[in-house]
Each structure stands twice: as structure tokens, then as C-alpha cells.
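Single chain ahead, by itself, as C-alpha cells, in the form predicted on its own.
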């Protein structure tokens, strides 16, 4: 695939936009979405207010762009993680490991979304949910394909619908990450993916 060639002006505009998003993330994370003005963001990014409005029509537009840009990166990394690995178990390990790395490396965005999205306006929340849920469904379907493949090759027992297993694993990893987010020292995210996967692989009841 041929790489897009940008003009110097286009590169500069991208850099300016990224600087504005970075500044907004720093302020939103520190003060909360509702306590930050466009004027503050412009000053923090060292741009004129008018320049900021050339890129984003209002604060909601900026917030949406910030969250969706990171959500897209999350989705791409999760989808890629399930392509790597020699067999189904290794693909699942990659998924669990990558999801943890995403949270840890972008914790400011994660905190911002969970803390602020419920308080944002209905329109912005509905728009975010729709796009994020669509991407979430795609990676759930891909997870389900891994479980289905493992069943077909007799790697896994057919104890449940592959999609339900995908939902279970996705929910487990999210719960572990939310625990870590709240109390990182008390509930660290497992370094070994099998710490989570064995909940599914082994179960509680003795045979």
C-alpha cells in the first residue's frame, strides 16, 4: 500500500491538531470536561482561540475527536493482537495481554472516558457509544471466531456458544482493568494472561 505523501502545510496542520488534542487531554484529565474552556485549551496549546476553532467547532467536537482517535487506536491494536500467534490459545493470550497494555499506556484517556462520558451531553454520549460499540462488536466477533476455531480443531470443549465465550472473556478483562484502575496496588492486572484465561479454561468445579 502506497504511503500518503503530505505537503509541508498539511504536515503542519496535523501537528497543530495533535498539539491541541494533547493539550485538551491534559486539561480534561486534570480538571474534568465541564471545568475546562476552549480558551484554556487554546492557551495551554499555545494557539490563538480562533485557530482552535478552525480545527474544532466547539468543545464537544474536540472531546469527541479526542476520544474517538484513541478508541480507533485501541480497536486496531486489539484486532491486530488476534492475528498474531500460532494457535487459538496464543491468540487469546495476545488479546488479554494487549488489552492490558492499552489501558496502562493510555490511562489518562481511559480515566477521562469513564469519568466524564456519563456527564457529557446526550448527543455526544450517544455518538460515542454508537461508534465505540460498533468497533467493540467487531472485536467480539473476531474473538468468537477464535473460540469457534478452537472447538472445531478440538482445542476447546463446546461448553458454550463461541460468541458468549467472547463476551465472557471481554467482560473479564474489562473487570480486571477497572479493578486495577481503582486500586492498582491491591488489584494489579495479571502479567501472565493465563491468570485471566484459566478462569475460563479450568473453571471452579472439580471433575
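Remember, predicted model here, so these are calculated numbers, not experimental data. In this text, the rigid core denotes the largest set of C-alpha atoms whose superposition between the two forms falls within 1.5 Å. Residue numbers count along the first chain shown, from 1.
We do not show the form predicted in complex with the DNA, though everything after this point is about it.
The partner is absent here, but in the predicted complex a heavy atom of 46, alone among 182, 46, 30, 161, sits within 4.5 Å of the DNA. Exactly one listed residue, out of 36, 165, 146, 67, brings a non-hydrogen atom to within 4.5 Å of the DNA in the predicted complex: 36.
Although the partner is absent here, residue 58 sits close enough that one of its heavy atoms falls within 4.5 Å of the DNA in the predicted complex. At the 4.5 Å threshold, heavy atoms of residue 9 reach the DNA in the predicted complex. Within this chain, residue 157 is remote from the site of the DNA in the predicted complex, having no heavy atom within 4.5 Å. The closest non-hydrogen atom of residue 22 lies beyond 4.5 Å of the DNA in the predicted complex.
For a residue to qualify, one of its non-hydrogen atoms must sit within 4.5 Å of the DNA in the predicted complex; all three of 16, 51 and 54 qualify.
Looking at 170-178, 36-44, 149-157, 136-144, the stretch with residues near the DNA in the predicted complex, meaning non-hydrogen atoms within 4.5 angstroms, turns out to be 36-44. Looking at 146-163, no residue comes within 4.5 Å of the DNA in the predicted complex, counting any heavy atom.
Shown in the overlay between the shown form and the other one, fitted on the rigid core, is a CA shift at residue 54 smaller than 2 Å.
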